[in-house]
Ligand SMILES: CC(C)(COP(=O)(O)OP(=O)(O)OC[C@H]1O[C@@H](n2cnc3c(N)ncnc32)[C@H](O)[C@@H]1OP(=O)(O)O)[C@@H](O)C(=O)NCCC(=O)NCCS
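Before any questions on how it binds or moves, here is one chain, the form predicted on its own, in structure tokens.
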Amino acid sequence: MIVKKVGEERILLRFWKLSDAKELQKLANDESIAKYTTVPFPYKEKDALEFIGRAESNLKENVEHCFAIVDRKNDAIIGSTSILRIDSRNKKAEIGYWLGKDFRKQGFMQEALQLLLDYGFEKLDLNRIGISCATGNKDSRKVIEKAGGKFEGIERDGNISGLGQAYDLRNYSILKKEFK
């Protein structure tokens, strides 16, 4: 579990567990999430179980660390965030994330991103963390830039959405020495 006392954080990050599958399925079964991520839509309980199983396996292999974003007030899962494609030799990785629609534009993702960046730089001893967002996702762009992400360029047709559509990515990175 990741909780860093800096103030009164509203969220914590914890590893996914199989008992989260129904809650994950309900939250992720949202076309607006699939539009700007690779999360499939419709999102079935089978998808949630497969994701959590992969997350557990990838954690053991230290190639991905996937977390549920949990509202501390009511212990409800409100989203997901991950450190992906961990390259220990080159001390770099990437971040992915999404929030349930009822939890957007409230600062939750900004808090989650700060916790995850701290985890990546301190616990995993990374030097560089890449973060991408769909060019059309202005809210995600603001979160990344507010966290200190430096724009590196556009990756044309960089991902295929959960709806099956290719979309361009805005690529950013944050270096350990830049992280506050």
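Remember, it's a predicted structure, so these values are computed and weren't measured experimentally. Numbering starts at 1 and follows the sequence shown.
Below, we refer to the form predicted together with the ligand, which is not included among the displayed structures.
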Do A93 and the ligand share at least one heavy atom pair within 4.5 Å in the predicted bound form? no
Using heavy atoms and a 4.5 Å limit, would one call D139 a contact residue for the ligand in the predicted bound form? yes
Please tell me whether any heavy atom belonging to Y43 falls inside 4.5 Å of a heavy atom of the ligand, as the geometry stands in the predicted bound form. no
Indicate whether S88 is a 4.5 Å heavy atom neighbour of the ligand in the predicted bound form. no
Where does the ligand sit in the predicted bound form: which of 149-157, 116-124, 26-34, 48-56, heavy atoms within 4.5 Å? 26-34
Should the three residues L13, N74 and T81 be counted as contacting the ligand in the predicted bound form, with contact defined as a heavy atom within 4.5 Å for each? no
Would you mind checking 80-110 for residues with a heavy atom within 4.5 Å of the ligand in the predicted bound form? Y97, W98, L99, F103, R104, K105, Q106, G107, F108, M109, Q110
